[in-house]
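Next up is one chain by itself, shown in structure tokens, the form predicted alone.
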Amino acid sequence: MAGAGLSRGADILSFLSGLLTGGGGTAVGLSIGSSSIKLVELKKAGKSWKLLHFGIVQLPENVIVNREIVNQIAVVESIKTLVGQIRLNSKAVCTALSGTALIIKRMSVEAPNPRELQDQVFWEAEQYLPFDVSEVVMDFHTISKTRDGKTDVILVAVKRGVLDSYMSSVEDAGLSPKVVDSDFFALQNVFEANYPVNPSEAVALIDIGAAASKMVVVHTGVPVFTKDTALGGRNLTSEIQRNLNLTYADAETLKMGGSGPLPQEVSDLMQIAADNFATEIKRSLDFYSASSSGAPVSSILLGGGSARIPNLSRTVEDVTGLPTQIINPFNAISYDPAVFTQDYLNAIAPLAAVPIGLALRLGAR
């Protein structure tokens, strides 16, 4: 899959433990989000993959702020809780970063020969970095040669301190981080593993998490546009909490379905949230259309916990005019029906997209 090749551009990670793969024909994806941690283990089944394990644990409030770990002990204990619940076949994992500490930039550079390409990429990259170059780890992946003789690359840079905090959290929990990828590339991986790719069309993949929404537009195996916005499901939870005078935990439970019919006030707040998400998605797509010469977006796939907000897909479709549906990471990934029911898979599908994409990334090594 194209994501496997491109994700080497996110191999900010090769410098970790580099070239080892998951053990026993399995691959583990670990997604550390702002409100929860999700763990997936896949097993190789012929030319495809089979779901072995899926687990999720909620994080206490303010453990991760602006996608940076501020309470490492809580993160480590939460990962340990997950690992204690799941008997993993391998401790080797792929995890991911996102947020303002991560920079993804497509750029064209002139380099007389391949040996000088890295120096030229890293030299030109300095103008795009909002922090000192000494504070970052960088890598890049070559996409193609342009007609004017330049080399088209994807640059990935991350603040070293943020990378180190995620790495040490995973290691302190008893796991071995072999690859650190990005949520954007994980979405691309899971899409290309489960959906047919039309070379004449671009697809927008959007993960709506608790604290942020991440969009990647994919065309012919290349992430031609990425956008990270600070609009997530936590905003809706806070509104429900404030309007109904609930605890944050009770408001979150009510947002996710709770039990029984929803109060009209909650339904109204959910529709407002759906409208806000749809408007932000439309704004991002308009920016892509105006700033890119790439193919127009033909459809939208939504993932993340907040993708389950009632009527969100329909609202996004109405506002953007594009076919929109919830991403299904189990289209081409098999499972044991004695272990996972279809209703359960439907419920976790948007939540599982990123961790499955991470597992696929590790499995492709």
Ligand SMILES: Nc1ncnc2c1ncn2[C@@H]1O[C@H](COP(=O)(O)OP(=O)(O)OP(=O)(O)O)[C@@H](O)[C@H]1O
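Numbers for residues come from their place in the sequence shown, where the first is 1. In this text the structure is predicted, and so the values were computed from the model without any measurement.
The discussion below concerns the form predicted together with this ligand, not included here.
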Worksheet entry | Position in contact with this ligand when the complex is considered in the predicted bound form, options V133, I73, I272, M256, heavy atoms within 4.5 Å | M256
Worksheet item: In terms of non-hydrogen atoms within 4.5 angstroms, which of the given stretches 325-333, 308-316, 293-301, 41-49 touches this ligand in the predicted bound form?
Response: 308-316
Practice prompt. Answer for D207 alone: is it within 4.5 Å of this ligand in the predicted bound form, judged on heavy atom distances?
Written response: yes
Worksheet item: Is there a heavy atom of S36 no more than 4.5 Å from a heavy atom of this ligand in the predicted bound form?
Response: yes
Worksheet entry | Proximity of A212 to this ligand in the predicted bound form, heavy atoms at 4.5 Å | yes
Worksheet item: Hey, in the predicted bound form, does G233 get a heavy atom within 4.5 angstroms of this ligand?
Response: yes
Practice prompt. Would you confirm whether the three residues T237, E252 and L351 all fall within 4.5 Å of this ligand in the predicted bound form, going by non-hydrogen atoms?
Written response: yes
